[in-house]
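We begin with a single chain expressed as structure tokens, specifically the form predicted on its own.
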Amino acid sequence: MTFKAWSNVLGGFHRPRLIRHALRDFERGSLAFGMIEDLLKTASAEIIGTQVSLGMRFVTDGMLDWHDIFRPFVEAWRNVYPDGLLRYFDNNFFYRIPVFKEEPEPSKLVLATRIRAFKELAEPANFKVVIPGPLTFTLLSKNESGLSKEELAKSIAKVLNMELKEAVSAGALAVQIDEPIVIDPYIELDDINLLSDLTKIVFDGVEAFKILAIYFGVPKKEVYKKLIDLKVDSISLPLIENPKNFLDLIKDFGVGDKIPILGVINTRNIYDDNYDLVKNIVKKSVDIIKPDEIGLTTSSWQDLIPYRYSLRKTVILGEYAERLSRELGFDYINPLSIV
């Protein structure tokens, strides 16, 4: 069976040492903001160039200046502020808890200026933007607004929708919302039902390839069945972290009408991934799904491991995708080969 396949990394990268030190010096007042901008552009260009050189269909800018997935938006919105640190799921990684005092109102938009700065570096690949999903944003925040959970979540979704519309206008061809909260074993089905409404709001009028990404675990069966009915084009699943359970889900319920993106490179450790294991997972997945198209990606963002390893994992993803295309006989979409 012939089908199309392509690759992209899931999200942001770990900061190189130079950027870490520069941001620290800026916070201490010993480095000017203009110098930070120049350093960030140089480091981001390296990350974008690595992805482009490996033939990835969609690229990100690395989000090196993002302290966590929520912070850029918290700092750009009125009526919300970052509070104390909390562990981000079961990782040695922390985020500052957003505290909502009222409905969020954007004082500026985060994504569009980044795309305009970097989109030419991404050619001939396409730019992908990544945002926190509105359900994860809501449930990992403190709500002191007086709004109900549902009201706050919909308010967040509306502002994120503004971000995505402006990002697409600036040149993004793919948009991704990250909803790792859905793997929480205590997640309520009412929250997943709410996610259906939130997804419609956040993607309303957004003319781009729409991706829902989950990571850090396997959702419960009843949750997964609802996820594959959401109004998105594609769903990204971290298969490499628990191949058996994910393959069982896919075998029992399929992927709906979604293009599956298979997370087959493990970015929660620094070790090179076993090619034979990756090949076996991909082969079993396509034998079950019988897709017209698949994506290949990392299991999570690259920021959980040191910078040199995050680049290494990106290289492994690109190399394995090319090798799999030869050995499994699928049509690999490499933007570099069709310019």
Partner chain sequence: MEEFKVPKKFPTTVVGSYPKLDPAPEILRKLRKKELDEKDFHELVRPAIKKVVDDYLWAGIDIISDGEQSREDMVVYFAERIKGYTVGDWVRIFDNTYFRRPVIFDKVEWTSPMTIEDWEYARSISKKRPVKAILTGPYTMVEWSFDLYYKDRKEAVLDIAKVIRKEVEEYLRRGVKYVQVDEPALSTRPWREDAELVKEALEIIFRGVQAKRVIHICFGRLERILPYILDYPVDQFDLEFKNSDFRLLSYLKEYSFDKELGYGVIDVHSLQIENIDEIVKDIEKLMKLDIIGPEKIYIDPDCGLKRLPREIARAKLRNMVEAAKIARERW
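Just so it is clear, the structure is predicted and the values come from calculations on it, not from any experiment. Positions refer to the first chain, counted from 1.
The following text describes the form predicted together with the partner chain, which does not appear among the structures shown.
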query	finding
Close approach of residue 90 to the partner chain in the predicted complex, 4.5 Å, heavy atom	yes
Contact flag, residue 24 vs the partner chain in the predicted complex, heavy atom cut 4.5 Å	yes
Contact test in the predicted complex: residue 196 vs the partner chain, heavy atoms, 4.5 Å	no
Contact label in the predicted complex: residue 20 to the partner chain, heavy atom within 4.5 Å	yes
Interface stretch in the predicted complex with the partner chain - options 168 to 176, 104 to 112, 182 to 190, 252 to 260, non-hydrogen atom within 4.5 Å	182 to 190
Full three-residue contact with the partner chain in the predicted complex, heavy atom 4.5 Å, for 71, 86 and 268	yes
Heavy atom within 4.5 Å of the partner chain in the predicted complex - residue from 305, 39, 288, 311	305
